[in-house]
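Next up: a single chain in structure tokens, the form predicted on its own.
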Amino acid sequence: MVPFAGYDMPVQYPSGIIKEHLHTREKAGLFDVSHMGQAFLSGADPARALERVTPADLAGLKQGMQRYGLLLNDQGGIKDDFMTTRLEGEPALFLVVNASMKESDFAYIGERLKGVATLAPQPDRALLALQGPAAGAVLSRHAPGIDGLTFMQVVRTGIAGIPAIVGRTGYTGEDGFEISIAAKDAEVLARRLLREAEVMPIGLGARDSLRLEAGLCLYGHDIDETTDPVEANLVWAIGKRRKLEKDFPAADKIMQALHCGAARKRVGIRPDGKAPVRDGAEILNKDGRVIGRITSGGYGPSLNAPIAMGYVEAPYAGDGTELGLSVRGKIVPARVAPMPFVAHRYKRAI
């Protein structure tokens, strides 16, 4: 157990990080992510209001669907990444933000949307994530029909009689669900799911290695207020209409970077050998000049090899580019590699 974002969180359970990681890839893992920030945003048009602080197309978000968004500051830096849901038949939007940033996010959104929308944080809600190829079959035993959802669909339903907001989403690259429930119901539901033969409890260690294999950013490492959506390779999170209207924070600056190219890019990196390279390590070109640094790095249990991501000067961002990584005074050979390192297995609509 370790302190994390004001909570005591499990790094691993007795089975260990590697077993937890591989079990999630093979069957199903249960994560307690109740430290994340949940809130409802209400108003005359909360979607249009929220577009003041994000380049996501939220006005075009269909009922019963969820969308990934970036919360931007006035310079176009990423204050956080978050999820927005438009629940079927409900006027308010449902938001989920990162744990370490929730107080800052909620204050920023509340201030920027003052007079046009009202944010109501939900500290009494818990959040569980059931992830892995067996997640649909497991959850269907407690919520018949839930396996009919596809990636990014969200419903209000009951799980073993417990009221829940369930989305077919997650942050492991696997198929799975995130389940928002009243905090008082969290332990009962978690224990019921853990009684299923396919399910193991999973801690922060495997959560990190799973998302890294999936090429997904960790806020505070791979994205922060010093990075913008273009250099972070998150341009897909800018809606087509928003690109045309250019009515989001620092839109002109971001669109110029999109058209002219960013000075640096977030890339996947495969170090040679077996030793993992951690965040903060300098990235060098073939001449030994520093051209960037690692922002996330570790061992990929699914690949039995080290993997990393980081930022490099744009001319060195092409797949296959040879690099050197400075690790404890030694240079580890590496190369730029496409992400995700492990293919996503989301259940998409046909």
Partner chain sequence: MSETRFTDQHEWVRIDGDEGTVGITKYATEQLGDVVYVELPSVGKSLAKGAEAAVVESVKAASEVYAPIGGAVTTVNEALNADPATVNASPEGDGWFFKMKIADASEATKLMTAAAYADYVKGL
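Residue numbers count along the first chain shown, from 1. Given the structure is predicted, the values throughout are model-derived calculations rather than measurements.
If you look for the form predicted together with its partner chain, you will not find it shown, but the lines that follow are about it.
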> Taking Val11, Ile17 and Tyr299 as a possible spot, do all three reach its partner chain in the predicted complex with a heavy atom inside 4.5 Å?
Replying inline: yes
>> Quick check for you: of 236-244, 79-87, 274-282, 180-188, which stretch puts a non-hydrogen atom within 4.5 Å of its partner chain in the predicted complex?
In response: 274-282
> Along 312-350, which positions have a non-hydrogen atom within 4.5 Å of its partner chain in the predicted complex?
Replying inline: Arg328, Lys330
